[in-house]
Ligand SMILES: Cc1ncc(COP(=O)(O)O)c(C=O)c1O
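First comes one chain, alone, set out as structure tokens in the form predicted alone.
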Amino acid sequence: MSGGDIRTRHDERIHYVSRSNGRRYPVTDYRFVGDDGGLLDLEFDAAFPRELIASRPPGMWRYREALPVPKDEAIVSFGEGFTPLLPVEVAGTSVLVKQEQLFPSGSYKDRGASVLISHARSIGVARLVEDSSGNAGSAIAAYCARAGIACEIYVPEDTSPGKLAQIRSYGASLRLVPGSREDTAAAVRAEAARDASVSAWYASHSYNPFFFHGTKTFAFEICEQLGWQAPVAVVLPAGNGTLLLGVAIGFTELQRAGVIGSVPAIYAVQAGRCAPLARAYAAGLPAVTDASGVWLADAPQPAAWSEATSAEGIAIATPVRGNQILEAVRLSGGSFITVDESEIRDAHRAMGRCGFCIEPTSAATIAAVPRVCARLPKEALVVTLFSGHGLKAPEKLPG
């Protein structure tokens, strides 16, 4: 069946909805923001028929009724998901660690890419553009290759060589942008503005809510792997918040469906050298940008985050959904934690000595775990993750 045929039969119960004014848009629109430039969420009702879920093969698409891609023929998948949830000792404390580095492209971003590219296929997208610090670009490129969709990935020119090679290997066009991660995002938005047609759809993992409705399966899997219960806390990386916001959506949907009683506390981890949200949270700011996305005068400014961090996956000075990330963490009863470069290096080395090959962003998240556990009762069930494989950045692996 052609993309056009699928598009004409799209489920009318699923809509984009503007966060700024509540206006609804059909998801068949080739857009990434509302008409006023405001961010979009997804209006969608998730269901969890547990007996049916249990009868399906392990993988994220077992939660079929909770994923906003109505037609099976649109699904783009490598059989991803249901990664192991293993006990790992971190600084003398045992926590459960989801092995997201084992995904087909080597990071949890495959969750979001599978749903987003499935949606792109369902509405007939022929070519798309995306910006990334590496992992999302790799995931989008892989799933586009699987779907037969042409793509161009914009990345900072200092992105790890391993990630650049991986993106190229999928046949994607690669655009290296001088400057910061923010410069890269600006470059791809300019390209999308020049050609807003289907041939250059901006498939942003930060803007498009379909991506978050892929990463939310992280929460579904944890819940099922724990016997359909939620942990007390989850410890997650916080750059653009693509996993964190997905996890918040996922646990909220499980709560609304009556599967769990409450949403776990979310502890968001940022590198000390790039921690705009952690600083805003510590200062008690309700938001970091105004309604039009302009950074507030009393909020941490992008210029304050010029120092490099080894955790490139969370080196985001101006996260697009910064206000939404702050809100999600506060509503969950969690908080923000920053880790310095020495803590990242120590955690990286320690996990390697335990047999886990992970990238620095994963190590940054692990470095925060002891501080989270110190705030909670000893018996509290804490879940975190290895977000990306170390072979994506072999030059950063500790000796």
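Treat the numbers as computed from the prediction; the structure is a model and nothing was measured. The first residue of the shown sequence is 1; numbering continues from there.
One more form of this protein should be noted, the form predicted together with this ligand, which is absent from this view; the next part is about it.
A.B. asks: Of the listed stretches (143-151, 102-110, 256-264, 122-130), which one has a non-hydrogen atom within 4.5 Å of this ligand in the model of the complex?
C.D. replies: After filtering at 4.5 Å, what remains is 102-110.
A.B. asks: Applying a 4.5 Å heavy atom distance criterion, does residue 239 contact this ligand in the model of the complex?
C.D. replies: So residue 239 counts as contacting this ligand.
A.B. asks: If you check in the model of the complex, is residue 235 within 4.5 Å of this ligand, heavy atoms only?
C.D. replies: Result no; residue 235 lies far from this ligand in the model of the complex.
A.B. asks: Considering non-hydrogen atoms and a 4.5 Å limit, does this ligand approach residue 384 in the model of the complex?
C.D. replies: No, residue 384 sits far enough from this ligand in the model of the complex that none of its heavy atoms falls within 4.5 Å.
A.B. asks: Can you tell me if residue 313 lies within 4.5 angstroms of this ligand in the model of the complex, counting non-hydrogen atoms only?
C.D. replies: Contact with this ligand, yes.
A.B. asks: Counting only heavy atoms, which residues in 340-376 are within 4.5 Å of this ligand in the model of the complex?
C.D. replies: 359, 361, 362, in sequence order.
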